[in-house]
Each structure stands twice: as C-alpha cells, then as structure tokens.
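Single chain ahead, by itself, as structure tokens, in the form predicted on its own.
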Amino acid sequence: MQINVDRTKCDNHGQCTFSAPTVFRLDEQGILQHETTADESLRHDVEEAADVCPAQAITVTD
C-alpha cells in the first residue's frame, strides 16, 4: 500500500499519529513524518488516519 501526504494541505495537526503511530509521527519540530509504504495488515489503521485528518491530506493507494 502506498501512502501520500499532500504537504500543501497538511497542517501538522498530528491526528493521524493516534490512528497509525507506526506509520505517522511528529518530529522534534512538530512536522509530520510518515512512511510512504506500509504492510497490508496496517490498512485499517492507515485508512482511519486518512479519515480523521482535518485537512484530508492523506491518500492511500494500492
């Protein structure tokens, strides 16, 4: 699964880090960092992270 964060939309709220902490994290400066790929077993968590994103900046593709 491919994960993309649109940096023009992302406001670094970090809501995604609660749904999928192994994929999304905030660095020391509060900037969102993320894995660009994830195992299929994490799909539910990653899709939930995309759903809760206030800016709708996360997209998930196969």
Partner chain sequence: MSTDVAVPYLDISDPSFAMHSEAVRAARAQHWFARTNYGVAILRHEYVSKLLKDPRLRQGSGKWPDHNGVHSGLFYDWWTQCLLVLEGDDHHRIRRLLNPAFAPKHLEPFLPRFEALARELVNDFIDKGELEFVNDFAEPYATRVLCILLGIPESEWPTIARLASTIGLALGVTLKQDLGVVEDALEELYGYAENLIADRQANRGDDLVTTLVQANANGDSLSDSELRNALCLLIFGGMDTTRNQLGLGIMSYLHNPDQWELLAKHPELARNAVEEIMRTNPTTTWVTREAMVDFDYEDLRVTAGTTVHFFTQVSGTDPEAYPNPEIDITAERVPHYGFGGGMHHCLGHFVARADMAIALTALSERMTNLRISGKDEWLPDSGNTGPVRLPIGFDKR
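Residue numbers count along the first chain shown, from 1. Since the structure is predicted, the reported quantities are computational estimates derived from the model, not experimental observations.
Just so you know, the form predicted in complex with its partner chain exists too; it's not on screen, but the next bit is about it.
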D6, S41 and T61 each touching its partner chain in the predicted bound form (heavy atom, 4.5 Å): no
V23: touches its partner chain in the predicted bound form, heavy atom cutoff 4.5 angstroms: no
Contact flag, Q2 vs its partner chain in the predicted bound form, heavy atom cut 4.5 Å: no
Within 4.5 Å of its partner chain in the predicted bound form: residues from 1 to 26 (heavy atom criterion): D11, N12, H13, G14, Q15, T17, F18, S19, L26
